[in-house]
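Quick heads-up: it's one chain on its own, the form predicted alone, in structure tokens.
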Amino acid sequence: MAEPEVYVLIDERGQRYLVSSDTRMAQVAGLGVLSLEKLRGALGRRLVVGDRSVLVLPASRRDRMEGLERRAQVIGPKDAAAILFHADIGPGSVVVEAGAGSAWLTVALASAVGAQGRVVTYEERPDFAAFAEENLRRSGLRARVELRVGDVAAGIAEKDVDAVVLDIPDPWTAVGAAWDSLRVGGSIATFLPNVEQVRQTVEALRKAPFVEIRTLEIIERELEVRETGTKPSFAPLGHTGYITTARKALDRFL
């Protein structure tokens, strides 16, 4: 089955509205009901809706993430991009994720693996799983993701996967399950807000045959470019979290 088309509507203030073509008519908060035929005809152009106007574009990966509703704390684009790169996640990859939350990172993973890849995401809370499923549907990537309600530390059914991504507060409890699930050379990645959690995670990784253990922090600063001059934005991003990655091996140096 073909994946739905997804559009982003951008208003004068830069606010984004995500619209999926899985229904003929779309209810867009703040704008009303819009016909998908009308959106297709306005692609790349400004569309007037009542007393509002929006620019209609195909949704990018960023749009599919930032256009979603939030409930749990989310991983932003700068950290998601680093996780994809350092965990070697790309087209055709099979990825296990734990901690679906609002599905922001899930959407980034599903975008990266492509139509031939697969993401299996574990979420302990049924209400969060239901919320994540709705966001995945809105993103147009629901078909690439299998949602499971359960504790990833209790075991991962999938084997020989390319990557395991743990967006949970205690990833060290799931290191053993991740090692069992990964193929040789596959990657584990964790995202944590403080260094004590990182220390416990790295200690657990060192006890298993994981190699190339690395922790990094991504700092991003936006610049405002105007006719009067260019200066750093006053909106601070700074620290959001620490990314730890490692690869599965069967042996290691003592």
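Just count from 1 along the sequence shown to find any residue number. Everything numeric here is computed off the predicted structure, so don't read it as measured data.
Beyond what is shown, the protein has a form predicted in complex with a small molecule; the following relates to that form.
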property	result
Residue among 136, 182, 100, 110 with a heavy atom within 4.5 Å of the small molecule in the predicted bound form	100
In the predicted bound form, the one of 151, 146, 158, 88 near the small molecule [non-hydrogen atom within 4.5 angstroms]	151
Any non-hydrogen atom of residue 94 within 4.5 angstroms of the small molecule in the predicted bound form	no
Contact label in the predicted bound form: residue 168 to the small molecule, heavy atom within 4.5 Å	yes
4.5 Å heavy atom contact, residue 128 to the small molecule in the predicted bound form	yes
Interface membership of residue 74, the small molecule in the predicted bound form, 4.5 Å heavy atom rule	yes
